[in-house]
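Have a look below at one chain only, the form predicted alone, in structure tokens format.
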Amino acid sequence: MIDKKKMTNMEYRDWINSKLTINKEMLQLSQEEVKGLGITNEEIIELTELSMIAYSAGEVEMPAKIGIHPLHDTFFHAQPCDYPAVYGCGIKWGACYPENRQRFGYAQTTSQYIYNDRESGAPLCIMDAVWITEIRTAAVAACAAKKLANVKAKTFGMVGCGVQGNAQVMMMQYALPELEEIYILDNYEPAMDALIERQQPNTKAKIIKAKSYEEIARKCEVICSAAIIKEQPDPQFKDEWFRKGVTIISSDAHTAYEDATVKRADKYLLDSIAQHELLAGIGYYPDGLPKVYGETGEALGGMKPGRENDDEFIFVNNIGMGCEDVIVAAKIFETALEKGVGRKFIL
């Protein structure tokens, strides 16, 4: 594999040119090709953590993502980012249509990534980005757990058993190696059955179908949620169910939690303050954001302390960032070039 730490930007460009003629050719990668490149979970976690630290340290250019909402409770988001340290530059265009399964029989998420040459702006690759979104979002949750959860936790709860729920159950074992029980919950029971069938062979913890939100709240030391992001909050968890010391890691704009729960957290963190302020401005947080302790990347990079004692109630609200996408997209592009995967087409 190439070592970009030992390359200048122009040397990186020369390496690409030796395999793909910049501004004349472009690589295209399907979802199966992206998934089949052999990039490991450990690599994804490392890359994701680096990107979150870099964002909070001001080392990337990443505007808050904008979106459109063609149908009720649907969205398209545009996530651009320039990441100089990895010579990565590009944009993801991703959609979520929760009713796709019922209406058309296919997944709720579609996503594409365009990866560009930083020096000229020329497009280098267009790749399916569903796997990028799936794996880096789960890695974000695992990274947050490493610094903000009790790493000796024995119980973990996962709300939402779709693509993201599967990925977070898979990834959480890297952050919480002493897990003994994983409680899962989804309104669609076959999704829970499918998660158990798929993930139980990959974890030593026993995966259990929870009977209710209350059971997860009362039993689990660490809770992740990856349900539908609704235009208005739809609390499913009651504040009274949560105990001291719990860590909640939300990938769904804390839609499922009461405002009282979010606002009584000892530490409330966001992956991007700017992003969530934008969301608040268009109505996603009608009760307002709590006092923000800091960004997740600040805790990961040691700029602010993470969990400091066993009784802290910590709420982490991660919505996903372009810096996470571009660093993974760069890895995918480079690996595909080295392995000769994908199709070149003429610009």
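Nothing here was measured: the structure is a model prediction, and the numbers come from that model. We number the residues from 1 along the sequence you see.
Another form exists, predicted together with a small molecule; not displayed. Remarks below refer to it.
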Among Asn187, Gln112, Ser120, Ser212, just one has a heavy atom within 4.5 Å of the small molecule in the model of the complex, namely Asn187
Among Gly245, Pro80, Gly162, Pro233, just one has a heavy atom within 4.5 Å of the small molecule in the model of the complex, namely Gly162
- Even though the small molecule is not shown here, does Asn318 get within 4.5 Å of it in the model of the complex, heavy atoms only? yes
Original post:
At the 4.5 Å heavy atom threshold, is His254 in contact with the small molecule in the model of the complex?
Top reply: no
Q) Going by a heavy atom distance of 4.5 Å, is Thr133 a contact of the small molecule in the model of the complex? A) yes
Against the small molecule in the model of the complex, would Lys238 count as a contact residue? Criterion: heavy atoms within 4.5 Å.
no
message = Checking a candidate spot here: are Lys152, Ile216 and Val222 all in contact with the small molecule in the model of the complex (at least one heavy atom each within 4.5 Å)?
response = no
Counting only non-hydrogen atoms, the one stretch of 120 to 128, 143 to 151, 195 to 203, 93 to 101 within 4.5 angstroms of the small molecule in the model of the complex is 93 to 101
